[in-house]
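Single chain ahead, written as structure tokens, the form predicted alone.
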């Protein structure tokens, strides 16, 4: 299973660009004189994929003009409410720990831009606002863009009587196998015996067949520092002993390592047959990450902090990762994520979208992966945490089936829009922010 990278690497070969020479750059940050060779790639295949429309505009024969967009606030938490001229409504919940510091961009940039526009042009609108506001680009801006896109998709889904995912593609994944990716702090700070027991109990509860542990300090500084000497090696070994050979195990470094240490830890993961190795280096160390990828046979995963389409274009064309992980909030929504998924498929790679913790992230994730091509077998799950930024449970009712994990598998919700009704009384606790 963990040797799948070598097979994928040969799935598709991209021709060298005419007149381009191989790029050879020194890895000064790794403390070694070794050099990485990354061949020029033919980006034409990916560029053609990027031109394809995502939203199924043909589902909506008449214009759907966005008449009003509101941002509602209750202390640290935010709700987006979109209304069309015909009275259709869509609602989304903002990111639970990013929104507080970035909502002025929502009020001053996004609301004026989207108001009065035809929601059927969502592809183009998302493209224009994400690419032209270069001085506002970054995760905080993308989080706000995702928040408004989710609300618009909820509205459009309610109009069409379809789940939001089906507005973007055909359902190719009616159910998904989950991997547990929570207990982030505990896996790094508690003793391995304690942290693994927490994860073990949740694995029993959900019957998940896959678990992700955390390596290093997770500081994104390539510090090579562990919270205790030898702790990560112990955690890697003990996780395999605790869960047994049949459990699929992954490991996330969250930018903890330099090239040399990332490779050393990767070799240990290979010894214990881990499924993938996520982001051992700081997220934007592209050349260094390629060096690690070339030194290991375990599939590499990453991309959760990326906020640019062209960054993924480079990472995919040069196969820096075998599994790409755009975050639905951090990357700016489902339409942009679908474009990454299509590029991954064209290059013979896989995708498992990243899910930010809390709020209704799990719900947006389910809609996305239902129509996602090149989807990896296991996808991230954080125990249906619906706590908003104030720590309040978001009261929701499914329009169709219950949300539950049965034998580690979750069925995709089939209700219209995002598939849920949010308690109106909860929404009333939030007040409209006026510009």
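Treat the numbers as computed from the prediction; the structure is a model and nothing was measured. Residue numbers count along the first chain shown, from 1.
Missing here is the form predicted in complex with another copy of the chain; even so, the following discussion is about that form.
Just one listed stretch, out of 224-232, 197-205, 262-270, 125-133, contacts another copy of the chain in the predicted complex at the 4.5 Å heavy atom level, and that stretch is 125-133. Although the partner is absent here, residue 104 sits close enough that one of its heavy atoms falls within 4.5 Å of another copy of the chain in the predicted complex. Another copy of the chain in the predicted complex comes within 4.5 Å of no heavy atom belonging to residue 81.
At the 4.5 Å threshold, heavy atoms of residue 358 stay clear of another copy of the chain in the predicted complex, well away from it. Proximity of residue 138 to another copy of the chain in the predicted complex falls within the 4.5 Å heavy atom cutoff. When contacts are defined as a non-hydrogen atom within 4.5 Å, none of 74, 381 and 390 contacts another copy of the chain in the predicted complex.
Contact with another copy of the chain in the predicted complex, judged by any heavy atom within 4.5 Å, is made by just one of 173, 220, 115, 297: 220. The single contact residue among 100, 247, 162, 190, judged by any heavy atom lying within 4.5 Å of another copy of the chain in the predicted complex, is 100. Taking another copy of the chain as it sits in the predicted complex, the stretch 377-406 never comes within 4.5 angstroms of it through any non-hydrogen atom.
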